[in-house]
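The chain below stands alone and is given in structure tokens; this is the form predicted alone.
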Amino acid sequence: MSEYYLVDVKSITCHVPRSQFQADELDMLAQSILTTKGLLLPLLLKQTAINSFEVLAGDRQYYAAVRAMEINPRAAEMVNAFIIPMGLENAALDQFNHLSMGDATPLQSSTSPTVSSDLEQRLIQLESLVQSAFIQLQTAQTLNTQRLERQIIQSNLPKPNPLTMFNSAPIPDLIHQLTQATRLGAKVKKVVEDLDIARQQSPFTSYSDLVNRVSGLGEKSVLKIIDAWMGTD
């Protein structure tokens, strides 16, 4: 399956010389790329190395993207492209040629109103086709960013001190943890009541102190509760 990416323009090469394209046409397309913040017709690329790509189709768009980066490096550092898997190059090129007029032919002079009008018309037609791809990419990026932020936040959260939890956790939480982690069954509420009375008299100073002062709560049960609280159960 072809994947849609934003690719660093500097990592792309093209076998078609830049000299085959009119400079003024590339300037016009470059300004359009900067205005719309991307190509309306993404490049087709094949990967040649980990961070290297070669243009399969879209030579004109590629050089326009290069020109856009020359004009505004920060705004045009990345270009949207489809990375074509090995073995699907010909099928991708066939589809590309059906959607466009091809890019291997040098552009004619921008002084021709017919060429400019034709280019504008094709860009308009392609805009609606590519719009959904942009939306999908932005949605995927947003979801990935949110997922990464949650992972970072969770990884940075301090682990609770189990002894502190025994000393301060609300009674419903203690009942829930003991029910989930132990086999005390109906005895859970009585054990929690004894625990609450003991900690009100004075906080537990150690797990041994906890076991000694709370009837019905053995060392194995305490270890299981700790594992559940620390997420290692």
Partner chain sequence: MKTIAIYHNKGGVGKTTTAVNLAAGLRNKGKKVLLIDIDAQANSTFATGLIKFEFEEDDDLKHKNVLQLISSADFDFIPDIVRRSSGFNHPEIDVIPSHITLIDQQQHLTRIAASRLRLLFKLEKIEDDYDIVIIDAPPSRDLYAEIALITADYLIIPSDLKPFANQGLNNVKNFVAEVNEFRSNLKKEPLEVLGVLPSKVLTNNRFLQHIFPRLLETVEIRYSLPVFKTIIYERVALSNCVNQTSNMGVREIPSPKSIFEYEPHCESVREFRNLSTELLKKIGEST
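This is a predicted model, so every value here is computed, not measured. Residue numbers count along the first chain shown, from 1.
Omitted here: the form predicted together with its partner chain. The next part is about that form.
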One stretch from 198-206, 181-189, 22-30, 46-54 that, in the predicted complex, holds residues within 4.5 Å of its partner chain by heavy atom: 46-54
Exercise: K10 in contact with its partner chain in the predicted complex, heavy atom 4.5 Å: yes
Exercise: M78 in contact with its partner chain in the predicted complex, heavy atom 4.5 Å: yes
Residue contact check: A92 to its partner chain in the predicted complex, 4.5 Å heavy atom: no
4.5 Å heavy atom contact, I71 and its partner chain in the predicted complex: no
Sequence-ordered residues of 83-97 touching its partner chain in the predicted complex, heavy atom within 4.5 Å: I83
